[in-house]
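Presented as structure tokens, the chain that follows is alone, the form predicted on its own.
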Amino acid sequence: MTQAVVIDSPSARQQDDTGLAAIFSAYIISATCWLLFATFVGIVLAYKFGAPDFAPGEWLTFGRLRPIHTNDTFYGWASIALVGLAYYVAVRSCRTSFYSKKLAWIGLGLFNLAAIAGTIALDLGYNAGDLEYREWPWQVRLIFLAALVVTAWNLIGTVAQRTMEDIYLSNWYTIGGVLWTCIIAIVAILPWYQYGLGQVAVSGYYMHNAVGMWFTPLALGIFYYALPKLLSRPIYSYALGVFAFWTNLSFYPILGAHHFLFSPLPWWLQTTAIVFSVAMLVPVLGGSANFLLTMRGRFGDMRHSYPLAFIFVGVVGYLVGSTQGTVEAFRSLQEVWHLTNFTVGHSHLTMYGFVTFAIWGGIYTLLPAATGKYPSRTGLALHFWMAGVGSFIYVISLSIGGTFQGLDWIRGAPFIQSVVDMQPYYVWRGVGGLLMFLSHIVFAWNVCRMTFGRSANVIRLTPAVSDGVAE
């Protein structure tokens, strides 16, 4: 590793801040473009349920658009945004400079190259088969793996040259998430396991850990940095954060098998996945309590701080979505909900209500601090309420409709009856999805204000914060 960079002149500090702001902004702008594209595809998919003849054509079939929507949301929007936030947190919390700005730009290029190539391949009909969240051809997934390796190297190098003895908790989560995902991505590419039940087991391992060992630790790392910044107070318990970190690592990797209950996978493996799903309540409750106790006595601040409101919704989404995942893992409830739209609602509660709201809270807190430019309060309000109401309608409608769907199957009703019963909930799904997409357009406008706007024409909406971690 290189030695710590000591910035001892105002001009050097200004140059370093400008470079950090440029990289951070580029990651967020890029991620925002993918958010708009991926969720526009999601809108098309939502309306195909209510109107099957909508948007016909070989390139617009559900089988091609659905993996484009999920993969671009995962690896275009969420991955790029979280890496950009992780870089900013690493530099600021370690009171140092980038280990390598060049590597940060290379990583951004690789992430985008993978997303572009994957989208084109899927739309042309080239894919890795029915392997959820890893439909990209293996060559494209190698590019994504290269982006992860570059990011891990750069983050570790940045933290290694910190100007303080301790490593702040956020960096535990972000570096851990990147390193774990490198391992997960390698396992998912190796060909030796991709046959028969081995493929089923690896698919469960990959799809669940893509959320729990990639997006979750990075989003929690953002919480641990942004929340103390907004409140100007330290996190409630550093020890509780470390405890949640290690228990998440201990319990989460085995959970994927609970997606394949009643399958030919060994019964003991399915049961083990259920047991570890229950054990996940330990880090979930511990982490959620840590964030909520940090906010204790300050919940009223959300009336004046939309960034804090976004983070609060993200924390609640983490608590409710993860607890719901534990409940879903029981065999008795899997009989009702498995393969229904309830699962789609659950996935959006976690990836949207938790991860995406966490990203937005982090961006609205930290991007203005990097650029000195702020969005309008009206833009923040429109974004928050349209995204919040839209996602609520989306999740509730699919949860109710999916339950009726499963009950129809259990009582032996004709399959078409479950389709008819879902029809009104598909309509509400479209309504909620449209509100969510409109909120993303507003978010894109807010990002433009925070990156290309003029400081004199914007309003400061978050408290002044220092470059270091809240003491």
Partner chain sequence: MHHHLVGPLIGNMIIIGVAGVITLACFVAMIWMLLRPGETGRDHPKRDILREDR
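Numbering follows the first chain given and starts at 1. Quick caveat: nothing in here was measured; it's all calculated off a predicted structure.
The following text describes the form predicted together with its partner chain, which does not appear among the structures shown.
Novice: Given that its partner chain is not shown alongside this chain, does R331 nevertheless sit within 4.5 Å of it in the predicted bound form, heavy atom to heavy atom?
Specialist: Result yes; R331 sits at the interface with its partner chain in the predicted bound form.
Novice: Do A289 and its partner chain come within 4.5 Å of each other in the predicted bound form, heavy atoms counted?
Specialist: Within the cut-off, so yes.
Novice: Is G125 close to its partner chain in the predicted bound form, meaning a heavy atom pair under 4.5 Å apart or at it?
Specialist: Contact with its partner chain, no.
Novice: Any chance S93 has a heavy atom within 4.5 Å of its partner chain in the predicted bound form?
Specialist: Contact check for S93: yes, within 4.5 Å of its partner chain in the predicted bound form.
Novice: Going by heavy atom distances of 4.5 angstroms or less, which of M164, I183, V344, I120 would be at the interface with its partner chain in the predicted bound form?
Specialist: Contact with its partner chain in the predicted bound form is made by M164 alone.
Novice: Going by heavy atom distances of 4.5 angstroms or less, which of S399, T247, N112, Q324 would be at the interface with its partner chain in the predicted bound form?
Specialist: By the 4.5 Å heavy-atom cutoff, the listed residue in contact is T247.
Novice: Each of M302, H338 and Y352 near its partner chain in the predicted bound form, meaning some heavy atom within 4.5 Å?
Specialist: No, none of the three is in contact.
Novice: Using a 4.5 Å heavy atom cut-off, indicate which stretch of 202 to 210, 383 to 391, 267 to 275, 311 to 319 touches its partner chain in the predicted bound form.
Specialist: Only one stretch qualifies here: 267 to 275.
Novice: For the stretch 221 to 253, return the residues whose heavy atoms include at least one within 4.5 Å of its partner chain in the predicted bound form, in the order they occur.
Specialist: Going through 221 to 253 in order - heavy atoms within 4.5 Å of its partner chain in the predicted bound form - the hits are Y225, P228, K229, S232, R233, P234, I235, Y236, S237, Y238, A239, L240, F243, T247, F251.
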